[in-house]
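Form predicted on its own, single chain, as structure tokens, below.
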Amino acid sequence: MPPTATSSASQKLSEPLGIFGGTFDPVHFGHLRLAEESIGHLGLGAVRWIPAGQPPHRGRPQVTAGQRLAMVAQATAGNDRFTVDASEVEAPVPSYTVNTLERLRRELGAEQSLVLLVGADAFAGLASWHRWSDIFALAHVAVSHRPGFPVEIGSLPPALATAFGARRLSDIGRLKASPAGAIVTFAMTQLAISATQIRKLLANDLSARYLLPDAVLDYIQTHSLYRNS
């Protein structure tokens, strides 16, 4: 298993730290490419993966939080830029992003540059998140999008469009100059993979090979996850 946030990952980095939260039900190559490419595009020192215990924006996952954590650990093993944070898994309350960032600020201090990684679809719904406007006081936000399909300010809800226009940063190198507050965007390799698609394949006893790491698929098969019966 890669180092967890309770060990070496808690130390301050000189480069920005990427924060990648999600349900990861299950984790797949699309997640891994987003995290990997964000390091190069944004100049991150590392990416901290944070599986949500109780996701607030979707129904209850099909498998336990502990199983999703184990799959993320399997998927990220061997990449020394990835760490896994287990703090949210047993949380008795929903895993709100703003609360997670507040916890990280207490752990890492006010000066560490934090970069919240989100996809374009998730970003479009940011204004519906719990205390969403407080996120910018705690972290930068980096939005990944498909090549050729940049985030369009006119497609965003009014409040989010205002924030996007005021906070957008074109010089990504400046992320390390401040701990929080900016919005940046970057194009990532498009992989037409979704956790929903994988769950449907597995539920119908069809192959999900090459959509997620073999170690994760082995874990799923060993524990008979995502089956209809």
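Just count from 1 along the sequence shown to find any residue number. Bear in mind the structure is a predicted one, so any value in this text is a computation, not a measurement. Rigid core (definition): largest C-alpha set, two forms, superposition within 1.5 Å.
Note that the form predicted together with a small molecule isn't included here; everything after this is about it.
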Checklist entry - Here the chain is shown alone; which of Ala139, Leu126, Leu104, Val118 has a heavy atom within 4.5 Å of the small molecule in the predicted complex? => result Val118
Checklist entry - From the list Ser194, Thr162, Asn204, Thr64, which entry has a heavy atom within 4.5 Å of the small molecule in the predicted complex? => result Ser194
Item to check | the small molecule in the predicted complex: contacting segment from 175-183, 162-170, 194-202, 39-47, heavy atom within 4.5 Å | outcome: 194-202
Item to check | Heavy atom of Arg81 within 4.5 Å of the small molecule in the predicted complex | outcome: no
Item to check | 4.5 Å heavy atom contact, Gly30 and the small molecule in the predicted complex | outcome: yes
Checklist entry - Is there a non-hydrogen atom of Ser144 within 4.5 angstroms of a non-hydrogen atom of the small molecule in the predicted complex? => result yes
Next on the checklist: At 4.5 Å between heavy atoms, is Ile153 in contact with the small molecule in the predicted complex?
Outcome noted: no
Item to check | Is_shifted His130 between the shown form and the other one (CA, 2 Å cut-off, rigid core) | outcome: no
Checklist entry - Does the distance between the two CA positions of Arg81 reach 2 Å or more between the shown form and the other one, the core being superposed? => result no
Checklist entry - With a C-alpha distance change of 3 Å or more, do Val27 and Gly148 lie closer or farther in the predicted complex? => result closer
Checklist entry - Do Gly30 and Gly148 have their C-alpha atoms closer or farther apart in the predicted complex than here, with the shift being 3 angstroms or more? => result closer
